[in-house]
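Next up is one chain by itself, shown in structure tokens, the form predicted alone.
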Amino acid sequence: MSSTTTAQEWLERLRHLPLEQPLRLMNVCGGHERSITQAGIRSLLPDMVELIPGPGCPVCVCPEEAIYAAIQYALHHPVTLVAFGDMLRVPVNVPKGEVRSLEEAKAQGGDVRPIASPTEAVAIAAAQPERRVVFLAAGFETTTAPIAAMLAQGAPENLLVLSAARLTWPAVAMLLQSDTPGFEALIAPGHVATVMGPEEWSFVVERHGLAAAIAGFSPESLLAATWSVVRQSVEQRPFLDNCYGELVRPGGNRRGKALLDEVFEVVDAPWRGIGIIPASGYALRGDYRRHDVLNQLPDYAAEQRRRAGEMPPGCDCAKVVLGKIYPIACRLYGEACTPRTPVGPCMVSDEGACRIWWSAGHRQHST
């Protein structure tokens, strides 16, 4: 596959494929969704090709009880709470008048700081060794590998981790095992495949017989992957295509994977509004558990915070994350829920489909 083929040429190739029935493609990654929406790719595709945003937003699926616990640590314990920037504005379900986000906890006097990388958490902990620093670690494999490296290299003992890290593929596997997956082909995330290897997505083809392609973030790579899965579907010859060969290699980043295996174990884990997904979470293992926040601070993730339907009333973020509806079909989109006044997490994160659609100018609510 030529790396010099332009986006326009991929579009022309797509339009010449003899597709005879509608084909729904899920693009898993929030970064993909941002590129697709900003470039207006949906409006350029053949009418029978539909792109559906998938569950690739770690902020959106971060368990409500983890964010609630982080708020309690910031408000009621002498700690510095650090988290990736988007996490500070994600609301939790509490009675009116109570603190509902880390941003509000900061306004109430909590020492809450946004960070952009694990190295910042290390620097903050090293600068104040007498004070515990709690890192709300949300993210997928790409983010979790640097966190593993941070701990393996010898993080300060006062740096504690509240892990909300997740694996990407189990959510897709869960959808494919359901009676209504909602898509017939998959565009897999290139950044995850860079770390974990393309083989992580082979189950889509081998177990479910669906076309699949790994894409990067440029319009050219995304359209190449789209063309590939449509062609596979037309020819009824599914395989896993790598359309991000510049960075994705067989086996992935072996050092990154080794660090993940050394520091974390894979466990069943909750996804906000979705429930427990088997083998989808990362928990500290072995001696690294000394950095687990629960070894030094109370567990605020009580059973009542793990209730079903963890999205606020009327919020359809879970349906958006699972590709069941488009953002504009959410009952609160553009009305009660906007980036200035987010109700659900999908309107907070730059990788959330609702925030992406709003930023691209999609204002009309669809009933």
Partner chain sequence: MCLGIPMQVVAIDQYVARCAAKGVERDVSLFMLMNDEVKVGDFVMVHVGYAIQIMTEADARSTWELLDQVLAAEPLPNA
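No experiment lies behind these values; they were computed from the predicted model shown. Positions refer to the first chain, counted from 1.
Below, we turn to the form predicted in complex with the partner chain, even though it does not appear here.
Scanning 296, 128, 202, 119 against the partner chain in the model of the complex with a 4.5 Å heavy atom cut-off leaves one residue, 119. The partner is absent here, but in the model of the complex a heavy atom of 246, alone among 246, 235, 268, 261, sits within 4.5 Å of the partner chain. Among residues of the shown chain, residue 138 is one whose heavy atoms approach the partner chain to within 4.5 Å in the model of the complex.
By the criterion of a heavy atom within 4.5 Å, residue 59 is counted among the residues contacting the partner chain in the model of the complex. Under a 4.5 angstroms non-hydrogen atom cutoff, the partner chain in the model of the complex has residue 153 among its neighbouring residues. The partner chain in the model of the complex comes within 4.5 Å of a heavy atom belonging to residue 350. If you check the partner chain in the model of the complex, you find a heavy atom from every one of 256, 339 and 359 within 4.5 Å. The stretch from 223 to 231, 207 to 215, 73 to 81, 188 to 196 that comes within 4.5 Å of the partner chain in the model of the complex, counting heavy atoms only, is 188 to 196. Contacts of stretch 142 to 158 with the partner chain in the model of the complex, defined by any heavy atom lying within 4.5 Å, are made by 142, 143, 145, 146, 149, 150, 152, 153, listed in sequence order.
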